[in-house]
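Coming up is one lone chain in structure tokens, specifically the form predicted alone.
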């Protein structure tokens, strides 16, 4: 039990300094008139916000950030997998790093679309779960699964393409996910397993349907990439004779528990389907720019009533896990897509998307995502005396539109403090830095054999 004193919180028209009482991991009161109960936490000149959600990332990509070629997604993936770490210790360290970077940029929840080591799938999941538990961040571990080979993700065009069968059967993959649910899914302790086929480009209908059945059986969130690139838009028409969104609705994958990363190339009809099914779009602006995928029509989604949240995406397609950076770019990039400035995203709307929008996409808005009595105490205090947040104007405007550096003072998850005075309290971050150094090396470039094999066909089918 503790009381946060003199915290600055946003009101509908302004800001006010108030007390916030936390009891049993939940917000028990918000009022300047509250008595101080339990430990007193001084929040003078600090902004209190609900924790944000890093609603889509891939933790193990951390090992390749800064070195990936300037490729579009389909070739970039080939290079990524040619050099993917097949080392459980690296899975652990990169999950720790993802959690810490998310926390120190305002996130208290992370969705890890986790790349699995072949033959060590459950061990990979267990390792990421262990890392997130140690840090104390709320985690949705969403094992990335597919049942088609990488080459199947590129449209055939007018050519005939044959693809090697995937090394693991659809049912064997679903069995692994169900076993992971039984072993690790524990929402009350902050660890959730989500079903997460990678996307229509590498997954059969049987895999999507099997995941939907597991979602219904265990009440799990559903996650996937969707129409990130023009190539995927072409591929969907080849595979289904309709858009990918129409097809996913037809086979029953879309509902209020479904979050879909990217959604760059959707039709107006697709947007209406997402609104109707209450599916969530996860906006990943930095990776969309880095990979040349395009700018998702987020303003259209918002006007249509589609829920939108923010994600960093993996640390080698964005090359960062700075959630504040993703929120800033993801908000202002749309000022060039719609001349009507009344549609542009304000900083206060951005904060709501990052917190409540993220919570809604994970089916936990009843308990998270806003400063309301009764909700879980997933909270972040920002130090408004930081040089990057001065001089004093609108604190949320400074946070979203500026370039805040080292501004997270404190963070709580379920009422447990895991960041204090700017430092993570649950693990030794200096030791983590040394381990990341020890397990890596400086290098400039490398050649991907698989990317080279796919490049000629990709350029042909995409008209390059």
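A quick note: this is a predicted structure, and the numbers were derived from the prediction, not measured. Numbering follows the first chain given and starts at 1.
Note that the form predicted in complex with another copy of the chain isn't included here; everything after this is about it.
Asks: Heavy atoms within 4.5 Å of another copy of the chain in the predicted complex: which stretch among 367-375, 246-254, 172-180, 313-321?
Replies: Of the options, only 313-321 has residues within 4.5 Å of the partner.
Asks: Of the options 187, 157, 305, 292, which one has a non-hydrogen atom that comes within 4.5 Å of another copy of the chain in the predicted complex?
Replies: If I apply the 4.5 Å criterion carefully, the residue I get is 292.
Asks: Within 4.5 Å of another copy of the chain in the predicted complex, heavy atoms considered, which of 207, 356, 214, 329?
Replies: Checked against the cut-off, the match is 329.
Asks: Within 4.5 Å of another copy of the chain in the predicted complex, do we find a heavy atom from each of 29, 88 and 420?
Replies: No residue of the spot touches another copy of the chain in the predicted complex.
Asks: Check whether residue 62 has any heavy atom within 4.5 Å of a heavy atom of another copy of the chain in the predicted complex, and answer yes or no.
Replies: Residue 62: yes, in contact with another copy of the chain in the predicted complex.
Asks: Residue 340: heavy atom within 4.5 Å of another copy of the chain in the predicted complex?
Replies: Residue 340: yes, in contact with another copy of the chain in the predicted complex.
Asks: Since only the chain is shown here, I'm wondering whether residue 415 would be in contact with another copy of the chain in the predicted complex (any heavy atom pair within 4.5 Å).
Replies: The answer is no: residue 415 has no heavy atom within 4.5 Å of another copy of the chain.
Asks: Residue 325 near another copy of the chain in the predicted complex, any heavy atom under 4.5 Å?
Replies: Within the cut-off, so yes.
Asks: Listed by sequence position, which residues of 1-25 have a non-hydrogen atom within 4.5 angstroms of another copy of the chain in the predicted complex?
Replies: Read in sequence order, the residues that approach another copy of the chain (within 4.5 Å, in the predicted complex) are 8, 10, 11, 12, 13, 14, 15.
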